[in-house]
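To begin, one chain is listed below as structure tokens, in the form predicted alone.
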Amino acid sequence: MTAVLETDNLCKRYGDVTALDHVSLAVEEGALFGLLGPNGSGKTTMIRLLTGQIRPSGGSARVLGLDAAREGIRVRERVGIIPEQESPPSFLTAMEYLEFVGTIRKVHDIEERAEKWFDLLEFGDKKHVLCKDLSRGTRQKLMFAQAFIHEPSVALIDEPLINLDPIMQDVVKEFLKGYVKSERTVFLSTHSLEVAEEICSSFAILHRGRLLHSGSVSGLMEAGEHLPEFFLSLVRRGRDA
């Protein structure tokens, strides 16, 4: 399989704080990849580096063969992104925001695609409501729709289930599982170990900016391990080291 996301000794420092410490990863085409770690482990920093929003202090990151640091705009043109705690523009309605995204993404049938997302995520009654007046859950639905509306070959999504009720979480999980069946790739950062075990094909664990483990979920379970217990044991050992 082809690696569509790769990091090689990737580092990011903020003054005396090391957010990522020589992390090397490869994510294959068609993977639903889960990036796991406690708060402050470097997950969001990893996504920002992979999408060229910030530059590394050392090492490299490549997405779809592009150098994320030097070709960040091209990377962002080709992928879908749900950033951490990002909200749509307050002065646009939900439909206007998706139309804006469609213009930027050069999607010509944006209205038809938008309607499909309003139906799938069940917020069609909010399409003409200003984003500033949407609930957190509805804003999250809108951010999810904008990340996938152009059907990117790679999507990098940070805590996509946050603020969604259990029924809508199930809808999103089923969508993600189906999305990667056509050789598209999802890079998912989450705190939910149960969700990662349920839907991810492969995963990596970060702690204090260091890579503790990477592998397949099926391989872990074949070894008689469950991801939540494995994660907690590994992170606790990392804290004691």
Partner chain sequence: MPELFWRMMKEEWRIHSTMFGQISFALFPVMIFGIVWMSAFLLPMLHASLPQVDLAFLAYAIFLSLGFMVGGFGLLGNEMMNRRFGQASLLVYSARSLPLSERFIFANFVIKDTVYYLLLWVFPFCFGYIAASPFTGASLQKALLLLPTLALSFISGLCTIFLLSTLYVRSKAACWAAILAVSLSLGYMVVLNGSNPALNFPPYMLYMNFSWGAFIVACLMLAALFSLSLLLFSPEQGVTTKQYRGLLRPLIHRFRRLPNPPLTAKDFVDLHRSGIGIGQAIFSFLLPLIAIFLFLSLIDPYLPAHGFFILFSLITGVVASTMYTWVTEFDSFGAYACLPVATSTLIQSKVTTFAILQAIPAVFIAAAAFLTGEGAFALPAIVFCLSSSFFGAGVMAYLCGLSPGVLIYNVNVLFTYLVVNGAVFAILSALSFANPLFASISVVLLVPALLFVERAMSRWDSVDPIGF
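Remember, predicted model here, so these are calculated numbers, not experimental data. Residue numbers count along the first chain shown, from 1.
What follows is about the form predicted in complex with the partner chain, which we do not show.
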Worksheet entry | Touches the partner chain in the predicted complex: residue 121 (any heavy atom, 4.5 Å) | no
Worksheet item: Hey, in the predicted complex, is residue 110 touching the partner chain, heavy atoms inside 4.5 Å?
Response: yes
Discussion item. Please determine whether residue 81 contacts the partner chain in the predicted complex, using a 4.5 Å cut-off between heavy atoms.
Written reply: yes
Fill in: 4.5 angstroms heavy atom contact with the partner chain in the predicted complex for residue 157
no
Worksheet item: Taking the partner as it appears in the predicted complex, which of 35 to 43, 48 to 56, 202 to 210, 185 to 193 has residues with heavy atoms within 4.5 Å of the partner chain?
Response: 48 to 56
Worksheet item: Does the trio 161, 198 and 214 actually contact the partner chain in the predicted complex, every residue with a heavy atom within 4.5 Å?
Response: no
Discussion item. Suppose contact means any heavy atom within 4.5 Å; which members of 142 to 158 contact the partner chain in the predicted complex?
Written reply: 143, 146
